[in-house]
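Shown here is one chain on its own, the form predicted alone, set out as C-alpha coordinates.
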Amino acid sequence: MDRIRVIDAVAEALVTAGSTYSPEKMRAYERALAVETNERARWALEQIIDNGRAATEARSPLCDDTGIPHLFLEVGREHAVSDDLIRFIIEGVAEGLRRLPGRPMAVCGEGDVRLAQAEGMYEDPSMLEPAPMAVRVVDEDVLRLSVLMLGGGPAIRGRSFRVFHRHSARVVKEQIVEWAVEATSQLGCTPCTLAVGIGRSHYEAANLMLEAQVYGNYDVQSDFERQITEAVNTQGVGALGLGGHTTALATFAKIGPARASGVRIVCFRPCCCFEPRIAKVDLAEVMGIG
(Lines give C-alpha, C1' and ligand atoms only; values in the text may rest on other atoms or scores of the structure.)
Protein backbone atom coordinates (compact mmCIF):
# COMPACT_ATOMS: atom_id res chain seq x y z
CA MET A 1 0.00 0.00 0.00
CA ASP A 2 1.38 3.42 -1.00
CA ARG A 3 1.35 5.32 2.30
CA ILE A 4 2.50 8.66 0.82
CA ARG A 5 -0.16 8.66 -1.93
CA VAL A 6 -2.96 7.92 0.53
CA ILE A 7 -1.81 10.58 2.99
CA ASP A 8 -1.51 13.18 0.22
CA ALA A 9 -4.93 12.34 -1.25
CA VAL A 10 -6.67 12.56 2.13
CA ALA A 11 -4.84 15.81 2.97
CA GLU A 12 -5.90 17.38 -0.33
CA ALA A 13 -9.50 16.25 0.23
CA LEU A 14 -9.49 17.99 3.61
CA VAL A 15 -8.11 21.20 2.09
CA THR A 16 -10.74 21.06 -0.67
CA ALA A 17 -13.50 20.48 1.88
CA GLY A 18 -12.38 23.45 3.94
CA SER A 19 -11.93 25.85 1.03
CA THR A 20 -14.43 25.02 -1.70
CA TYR A 21 -18.19 25.04 -2.34
CA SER A 22 -19.46 22.09 -4.34
CA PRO A 23 -20.84 22.98 -7.81
CA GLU A 24 -24.32 22.10 -6.54
CA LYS A 25 -23.99 24.48 -3.61
CA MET A 26 -22.76 27.32 -5.81
CA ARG A 27 -25.77 26.79 -8.08
CA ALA A 28 -28.04 26.93 -5.02
CA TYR A 29 -26.53 30.25 -4.00
CA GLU A 30 -26.91 31.64 -7.49
CA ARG A 31 -30.58 30.58 -7.54
CA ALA A 32 -31.12 32.26 -4.17
CA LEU A 33 -29.51 35.47 -5.41
CA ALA A 34 -31.57 35.44 -8.61
CA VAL A 35 -34.89 35.53 -6.69
CA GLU A 36 -33.83 37.77 -3.81
CA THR A 37 -35.45 41.25 -3.69
CA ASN A 38 -34.21 42.37 -0.28
CA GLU A 39 -31.18 44.57 -0.98
CA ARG A 40 -29.44 43.77 2.31
CA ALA A 41 -29.91 40.06 1.72
CA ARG A 42 -28.66 40.41 -1.87
CA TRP A 43 -25.51 42.10 -0.57
CA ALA A 44 -24.96 39.29 1.95
CA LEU A 45 -25.44 36.58 -0.67
CA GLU A 46 -23.02 38.32 -3.01
CA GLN A 47 -20.40 38.43 -0.23
CA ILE A 48 -20.87 34.73 0.56
CA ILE A 49 -20.50 33.81 -3.13
CA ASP A 50 -17.45 36.04 -3.58
CA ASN A 51 -15.90 34.61 -0.42
CA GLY A 52 -16.36 31.10 -1.78
CA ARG A 53 -14.72 31.95 -5.09
CA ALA A 54 -11.78 33.68 -3.38
CA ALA A 55 -11.25 30.78 -0.94
CA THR A 56 -11.31 28.25 -3.78
CA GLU A 57 -8.76 30.22 -5.80
CA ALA A 58 -6.42 30.68 -2.83
CA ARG A 59 -7.04 27.21 -1.35
CA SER A 60 -7.70 29.00 1.95
CA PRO A 61 -10.35 28.39 4.63
CA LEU A 62 -13.93 29.44 3.88
CA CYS A 63 -14.32 30.46 7.55
CA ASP A 64 -12.03 31.16 10.50
CA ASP A 65 -13.79 28.27 12.29
CA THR A 66 -12.13 25.67 10.09
CA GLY A 67 -14.09 22.84 11.69
CA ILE A 68 -13.65 19.39 13.19
CA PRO A 69 -12.81 16.64 10.65
CA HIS A 70 -15.55 14.01 10.30
CA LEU A 71 -14.84 10.99 8.10
CA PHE A 72 -17.32 8.84 6.20
CA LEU A 73 -15.90 5.77 4.44
CA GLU A 74 -17.86 3.83 1.80
CA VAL A 75 -16.50 0.34 1.22
CA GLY A 76 -17.44 -1.59 -1.92
CA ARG A 77 -18.01 -5.32 -1.57
CA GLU A 78 -14.79 -6.13 -3.46
CA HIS A 79 -12.63 -4.11 -1.08
CA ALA A 80 -11.23 -4.56 2.40
CA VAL A 81 -10.13 -2.02 5.00
CA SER A 82 -6.85 -2.71 6.78
CA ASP A 83 -5.48 -1.20 9.95
CA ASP A 84 -2.71 0.35 7.83
CA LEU A 85 -5.27 2.15 5.67
CA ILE A 86 -7.00 3.59 8.73
CA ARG A 87 -3.66 4.83 10.08
CA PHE A 88 -2.79 6.43 6.74
CA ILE A 89 -6.17 8.16 6.62
CA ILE A 90 -5.62 9.63 10.08
CA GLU A 91 -2.14 10.76 9.06
CA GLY A 92 -3.68 12.37 5.97
CA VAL A 93 -6.15 14.29 8.12
CA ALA A 94 -3.29 15.64 10.25
CA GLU A 95 -1.35 16.67 7.14
CA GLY A 96 -4.46 18.34 5.70
CA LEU A 97 -4.95 20.37 8.87
CA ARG A 98 -1.39 21.63 8.53
CA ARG A 99 -1.87 22.51 4.85
CA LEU A 100 -5.25 24.27 5.11
CA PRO A 101 -4.25 25.41 7.78
CA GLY A 102 -6.79 24.46 10.39
CA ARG A 103 -7.39 26.75 13.34
CA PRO A 104 -5.56 25.43 16.42
CA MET A 105 -8.48 24.02 18.43
CA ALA A 106 -7.09 20.92 20.13
CA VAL A 107 -7.30 21.17 23.93
CA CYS A 108 -4.33 19.95 25.99
CA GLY A 109 -4.63 17.48 28.84
CA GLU A 110 -6.86 14.54 29.67
CA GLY A 111 -10.23 14.02 31.36
CA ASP A 112 -11.61 16.87 33.42
CA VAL A 113 -8.43 18.87 32.79
CA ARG A 114 -9.35 18.83 29.11
CA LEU A 115 -12.95 19.76 29.92
CA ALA A 116 -11.80 22.86 31.76
CA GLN A 117 -9.12 23.78 29.18
CA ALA A 118 -6.87 24.24 32.23
CA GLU A 119 -3.68 23.49 30.27
CA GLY A 120 -4.52 25.58 27.22
CA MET A 121 -4.44 24.66 23.53
CA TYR A 122 -1.97 22.99 21.18
CA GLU A 123 -0.55 25.46 18.65
CA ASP A 124 -0.16 22.74 16.00
CA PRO A 125 -3.49 22.42 14.08
CA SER A 126 -2.69 18.77 13.29
CA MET A 127 -3.25 17.89 16.96
CA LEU A 128 -6.99 18.18 16.34
CA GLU A 129 -8.22 14.58 16.30
CA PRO A 130 -10.99 13.66 13.83
CA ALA A 131 -14.31 12.38 15.09
CA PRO A 132 -14.81 8.59 15.02
CA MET A 133 -15.07 7.35 11.46
CA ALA A 134 -18.43 6.24 10.04
CA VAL A 135 -18.32 3.27 7.63
CA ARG A 136 -20.91 2.03 5.13
CA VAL A 137 -20.83 -1.03 2.86
CA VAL A 138 -22.02 -0.06 -0.63
CA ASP A 139 -22.68 -1.90 -3.89
CA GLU A 140 -20.38 0.34 -5.93
CA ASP A 141 -16.81 -0.69 -6.74
CA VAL A 142 -15.33 2.06 -4.57
CA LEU A 143 -13.34 2.72 -1.46
CA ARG A 144 -14.55 6.30 -1.13
CA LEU A 145 -13.71 8.63 1.73
CA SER A 146 -15.76 11.76 2.41
CA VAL A 147 -14.11 14.41 4.57
CA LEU A 148 -16.48 16.85 6.26
CA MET A 149 -15.35 19.86 8.29
CA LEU A 150 -18.04 20.63 10.88
CA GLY A 151 -17.95 23.99 12.70
CA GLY A 152 -18.97 24.96 16.19
CA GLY A 153 -21.89 27.30 15.55
CA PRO A 154 -24.13 24.65 13.98
CA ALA A 155 -23.17 22.19 16.75
CA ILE A 156 -24.29 24.73 19.36
CA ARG A 157 -27.66 25.22 17.62
CA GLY A 158 -28.21 21.56 16.75
CA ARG A 159 -29.92 18.93 18.85
CA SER A 160 -30.58 15.21 19.18
CA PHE A 161 -33.89 14.39 20.81
CA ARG A 162 -36.80 11.97 20.82
CA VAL A 163 -40.01 12.86 19.01
CA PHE A 164 -43.32 11.22 19.85
CA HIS A 165 -44.52 10.77 16.29
CA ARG A 166 -48.06 9.49 16.92
CA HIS A 167 -47.75 7.40 13.74
CA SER A 168 -47.54 10.53 11.62
CA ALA A 169 -44.64 11.74 9.48
CA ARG A 170 -46.24 15.18 9.66
CA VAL A 171 -45.64 15.33 13.42
CA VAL A 172 -41.94 14.59 12.94
CA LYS A 173 -41.66 17.11 10.12
CA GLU A 174 -43.37 19.83 12.16
CA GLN A 175 -41.01 19.23 15.08
CA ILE A 176 -38.00 19.57 12.78
CA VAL A 177 -39.42 22.81 11.37
CA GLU A 178 -39.95 24.16 14.90
CA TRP A 179 -36.33 23.40 15.82
CA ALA A 180 -35.09 24.84 12.52
CA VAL A 181 -37.02 28.10 12.90
CA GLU A 182 -35.54 28.63 16.36
CA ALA A 183 -32.02 27.62 15.30
CA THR A 184 -31.86 29.73 12.15
CA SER A 185 -33.05 32.82 14.01
CA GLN A 186 -30.06 32.42 16.35
CA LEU A 187 -27.40 30.98 14.04
CA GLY A 188 -26.29 34.16 12.32
CA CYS A 189 -24.50 32.36 9.45
CA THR A 190 -27.44 31.86 7.13
CA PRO A 191 -28.53 30.72 4.57
CA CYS A 192 -28.06 27.32 6.13
CA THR A 193 -28.44 23.75 4.98
CA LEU A 194 -30.57 21.70 7.35
CA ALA A 195 -29.12 18.24 8.00
CA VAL A 196 -31.43 15.67 9.59
CA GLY A 197 -30.98 12.04 10.63
CA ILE A 198 -33.89 9.98 11.95
CA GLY A 199 -33.17 6.65 13.61
CA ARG A 200 -33.70 4.31 16.57
CA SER A 201 -31.04 5.70 18.89
CA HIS A 202 -29.11 8.92 19.35
CA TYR A 203 -25.98 7.24 17.96
CA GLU A 204 -27.78 6.01 14.85
CA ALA A 205 -29.56 9.32 14.28
CA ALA A 206 -26.26 11.23 14.49
CA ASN A 207 -24.68 8.88 11.95
CA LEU A 208 -27.65 9.30 9.64
CA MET A 209 -27.38 13.08 9.97
CA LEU A 210 -23.77 12.81 8.78
CA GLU A 211 -24.82 10.48 5.96
CA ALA A 212 -27.48 12.99 4.91
CA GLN A 213 -24.73 15.54 4.32
CA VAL A 214 -22.65 13.05 2.32
CA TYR A 215 -25.50 12.15 -0.05
CA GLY A 216 -27.48 15.41 -0.02
CA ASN A 217 -27.98 17.24 -3.31
CA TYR A 218 -29.03 20.88 -3.65
CA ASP A 219 -30.46 20.18 -7.10
CA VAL A 220 -32.73 17.33 -5.95
CA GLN A 221 -35.02 17.51 -2.89
CA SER A 222 -37.52 14.89 -1.74
CA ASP A 223 -41.02 16.08 -0.83
CA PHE A 224 -40.15 15.68 2.86
CA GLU A 225 -36.99 17.78 2.47
CA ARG A 226 -38.64 20.42 0.28
CA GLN A 227 -41.52 20.92 2.70
CA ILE A 228 -39.12 21.57 5.58
CA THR A 229 -37.04 24.00 3.51
CA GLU A 230 -40.10 25.93 2.34
CA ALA A 231 -41.57 26.16 5.85
CA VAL A 232 -38.33 27.58 7.24
CA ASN A 233 -38.03 30.09 4.40
CA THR A 234 -41.43 31.59 5.21
CA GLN A 235 -39.92 32.97 8.43
CA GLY A 236 -37.93 35.65 6.59
CA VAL A 237 -34.69 35.37 8.59
CA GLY A 238 -32.72 35.48 5.35
CA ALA A 239 -29.03 35.77 4.61
CA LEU A 240 -26.98 36.60 7.73
CA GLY A 241 -30.27 37.35 9.49
CA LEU A 242 -30.84 40.43 7.32
CA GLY A 243 -34.21 39.30 6.00
CA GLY A 244 -35.18 38.02 2.57
CA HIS A 245 -36.45 34.92 0.85
CA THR A 246 -33.76 32.35 1.59
CA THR A 247 -33.04 31.24 5.14
CA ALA A 248 -32.38 27.61 4.15
CA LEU A 249 -30.82 26.61 0.84
CA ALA A 250 -31.98 23.01 1.24
CA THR A 251 -32.71 20.21 3.65
CA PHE A 252 -30.71 16.98 3.59
CA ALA A 253 -32.60 14.26 5.45
CA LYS A 254 -31.79 10.58 5.92
CA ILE A 255 -34.49 8.36 7.40
CA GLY A 256 -33.06 5.13 8.73
CA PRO A 257 -34.57 1.93 10.13
CA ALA A 258 -37.47 2.32 12.55
CA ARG A 259 -38.49 0.30 15.58
CA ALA A 260 -42.09 -0.38 16.56
CA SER A 261 -42.54 2.33 19.15
CA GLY A 262 -44.05 5.75 19.59
CA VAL A 263 -40.65 7.43 19.47
CA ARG A 264 -38.31 8.50 16.69
CA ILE A 265 -34.86 9.86 17.55
CA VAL A 266 -34.05 12.91 15.44
CA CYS A 267 -30.60 14.45 15.10
CA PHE A 268 -30.80 17.96 13.65
CA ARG A 269 -27.96 20.25 12.55
CA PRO A 270 -28.45 23.71 11.00
CA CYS A 271 -25.31 23.71 8.85
CA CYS A 272 -24.00 27.27 8.45
CA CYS A 273 -23.71 29.13 5.15
CA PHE A 274 -20.35 27.42 4.46
CA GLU A 275 -21.47 23.88 5.28
CA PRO A 276 -21.55 21.08 4.46
CA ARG A 277 -17.83 21.57 3.83
CA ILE A 278 -17.17 18.28 2.14
CA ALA A 279 -14.85 16.62 -0.36
CA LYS A 280 -14.60 13.03 -1.54
CA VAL A 281 -11.73 10.86 -2.73
CA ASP A 282 -11.80 7.28 -4.04
CA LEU A 283 -8.90 5.63 -2.25
CA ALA A 284 -9.16 2.55 -4.49
CA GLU A 285 -8.20 4.74 -7.44
CA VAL A 286 -5.44 6.39 -5.43
CA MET A 287 -3.97 2.99 -4.56
CA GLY A 288 -4.49 1.62 -8.08
CA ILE A 289 -6.88 -1.13 -7.04
CA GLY A 290 -10.11 0.29 -8.49
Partner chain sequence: MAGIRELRIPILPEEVDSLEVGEMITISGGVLAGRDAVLPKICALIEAGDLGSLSRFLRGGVVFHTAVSLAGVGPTSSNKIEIEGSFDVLSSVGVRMHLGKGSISSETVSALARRHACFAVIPPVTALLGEKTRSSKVLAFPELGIEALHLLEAEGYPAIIAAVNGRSMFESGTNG
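Numbering follows the first chain given and starts at 1. Because the structure is predicted, anything quoted here is derived from the model rather than measured.
The discussion below concerns the form predicted in complex with the partner chain, not included here.
Engineer: I need the one stretch from 170-178, 113-121, 136-144, 88-96 whose residues put non-hydrogen atoms within 4.5 angstroms of the partner chain in the predicted bound form.
Structural biologist: Single hit among the candidates: 113-121.
Engineer: Give a yes/no on whether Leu73 approaches the partner chain to within 4.5 Å in the predicted bound form, heavy atoms considered.
Structural biologist: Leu73: no contact with the partner chain in the predicted bound form.
Engineer: Using heavy atoms and a 4.5 Å limit, would one call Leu240 a contact residue for the partner chain in the predicted bound form?
Structural biologist: Result yes; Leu240 sits at the interface with the partner chain in the predicted bound form.
Engineer: Considering non-hydrogen atoms and a 4.5 Å limit, does the partner chain approach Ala28 in the predicted bound form?
Structural biologist: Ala28: no, not in contact with the partner chain in the predicted bound form.
Engineer: Might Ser60 be said to contact the partner chain in the predicted bound form, defining contact as any heavy atom within 4.5 Å?
Structural biologist: Answer yes; at least one heavy atom of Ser60 falls within 4.5 Å of the partner chain in the predicted bound form.
Engineer: With the partner chain taken in the predicted bound form, which residues across 41-77 come within 4.5 angstroms through any non-hydrogen atom?
Structural biologist: Sequence-ordered list: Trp43, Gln47, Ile48, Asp50, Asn51, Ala54, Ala55, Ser60, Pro61, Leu62, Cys63, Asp64, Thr66.
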